[in-house]
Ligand SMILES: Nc1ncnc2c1ncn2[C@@H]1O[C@H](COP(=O)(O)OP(=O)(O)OP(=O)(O)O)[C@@H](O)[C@H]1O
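A lone chain, given as structure tokens: the form predicted alone.
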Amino acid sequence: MSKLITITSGKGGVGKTTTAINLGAALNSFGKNVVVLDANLTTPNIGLHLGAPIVPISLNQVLSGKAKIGEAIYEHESGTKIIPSSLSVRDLETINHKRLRDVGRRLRKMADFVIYDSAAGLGDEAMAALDASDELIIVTNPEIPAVTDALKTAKVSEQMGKKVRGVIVTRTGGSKSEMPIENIQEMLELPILGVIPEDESVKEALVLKDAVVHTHPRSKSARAYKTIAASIAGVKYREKTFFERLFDWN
């Protein structure tokens, strides 16, 4: 049975889009059919991150009733399928956010996993993405404002009756100013799915317009995303050791 997962956050700039893309790419690398949809309609980034900033048909046309969802799916060279949103402000005028749920129902027939990259916060766009999901993953940084906003998102999700699978803490660097992971877990009362370190490879992947799990597969961030994706997909994952890679052992 396919699963629709919304990647959300209490505030912007915490690595939500990077997480959505890399979880999708990692799931795809495990043989899963994945569609990553840009539900952040006001400030879309999926297309920008993956080299498709402008496409003939975007999610906006689908939500406006001008196109079918199958026409808005594009395949990245990695095999991961994406549905970008339009960068045009004009294309925001006629969309109906509530159609995200209908879009999700159609996509279930096309993929094992559908990942919605939600807008940050708790506005209409974000709420529509939460409502459309089977479960949520909350992304936060190890900083008090970000974790506090993540807590608000968790509480609203609970009120909506939505399952929160857990939390991904990104951009960790081990500085004394960061909240300890155990404190974040205690505050949010949710499992920590994974911790993504601050990694220059993520920025380099953005320049290369690809997921870090593809461009820097042995980087710390890529391994962390693969570990989380393996848990979500229920598959075994272990990075090969240096000698296994050297001799190509299985």
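Throughout, rigid core stands for the largest set of C-alpha atoms superposing within 1.5 Å between the two forms. Don't overthink the numbering: it's just position in the shown sequence, from 1. Quick caveat: nothing in here was measured; it's all calculated off a predicted structure.
The discussion below concerns the form predicted in complex with the named molecule, not included here.
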### Message
Considering non-hydrogen atoms and a 4.5 Å limit, does the named molecule approach D210 in the predicted bound form?
### Response
no
### Task
Check whether N45 has any heavy atom within 4.5 Å of a heavy atom of the named molecule in the predicted bound form, and answer yes or no.
yes
### Query
Taking the shortest heavy atom distance, is L206 within 4.5 Å of the named molecule in the predicted bound form?
yes
### in the predicted bound form, V14 touching the named molecule (heavy atom, 4.5 Å)
yes
### Task
Can you work out whether the named molecule is within 4.5 angstroms of a heavy atom in all three of R171, D199 and V202 in the predicted bound form?
yes
### Query
the named molecule isn't shown here, but in the predicted bound form, which of 24 to 32, 177 to 185, 190 to 198, 58 to 66 has heavy atoms within 4.5 Å of it?
190 to 198
### Query
So which of L151, A120, A111, L130 reaches within 4.5 angstroms of the named molecule in the predicted bound form, heavy atom to heavy atom?
A120
### Message
For a quick check, can you give me the residues of 25 to 51 that have a heavy atom within 4.5 Å of the named molecule in the predicted bound form?
### Response
N40, N45, H49
#### Entry: Core-superposed comparison between the shown form and the other one, G174 Cα displacement 2 Å or beyond
yes
